[in-house]
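Next up: a single chain in structure tokens, the form predicted on its own.
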Amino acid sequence: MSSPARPIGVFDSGVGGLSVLRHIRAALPAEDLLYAADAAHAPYGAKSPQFIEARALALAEFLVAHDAKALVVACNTATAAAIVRLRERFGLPIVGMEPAVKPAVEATRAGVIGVLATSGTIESGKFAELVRRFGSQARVIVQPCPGLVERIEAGDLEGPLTRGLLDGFVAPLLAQGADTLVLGCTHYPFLTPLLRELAGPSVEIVESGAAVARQLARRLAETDFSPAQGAGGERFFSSGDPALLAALLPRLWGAAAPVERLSAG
């Protein structure tokens, strides 16, 4: 039987995956969690699939070297670019992100949904297949959001620059009748209060973090790992300046914590 003390590894290009980590902590309170932010190479959205795949493999190697028993790719762009290779390389449970198109299609009353995502996610074959599978049941309007991840990485969740960017992305979707918005990037849930203000109370906002946490719990239950006991802890790593991530943790994670230097690739 494997040791129950082995942690779960979670990675993203930056702080976005913290929105997923919150759901994982709520679903699995006893598990130890490792979070790796590839801030030195963020954002991933406009980078080549080959570059993103290489970074994902390096981050996964780093987390596996820290004895991770499962991996969560808490980034839609990295999932699209690298999840197949990761599953080929590593023989452990690996859970990725998928924009919540299916639940959005089920939720829409008007038959129109808007998807906010990075260009890397939107241009991927994985996303095209997702829209093909579920898009016949509703009109799917796709909106790339250049610059939005950078605002969130800077900790600007409601300033005039962020507000102007987000309004420019959302207004065309609402004008075309979208009553349900999909947050197709793990950074975007941190803008939910601002998005609700801009879109109004009648617009449904859906994201994938809770579903990913449930899937991770299911995958762990299928393994031979003993359930963790007690209260789990977290370790945070960044390939950029650890002080920058540490400064954002109280706001985005809800508690202060030390951040260690990440050397991967």
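For clarity, every value in this text was computed on a predicted model and none was experimentally measured. The first residue of the shown sequence is 1; numbering continues from there.
Not on display, but discussed next: the form predicted together with a small molecule.
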For this session: Please name which of the stretches 69-77, 191-199, 126-134, 86-94 has residues with heavy atoms lying within 4.5 Å of the small molecule in the model of the complex.
Result: 69-77
Problem set entry | 4.5 angstroms heavy atom contact with the small molecule in the model of the complex for C185 | yes
Exercise. Can any non-hydrogen atom of V149 be found within 4.5 angstroms of the small molecule in the model of the complex?
Worked result: yes
Exercise. Is G209 close enough to touch the small molecule in the model of the complex, meaning at least one heavy atom pair within 4.5 Å?
Worked result: no
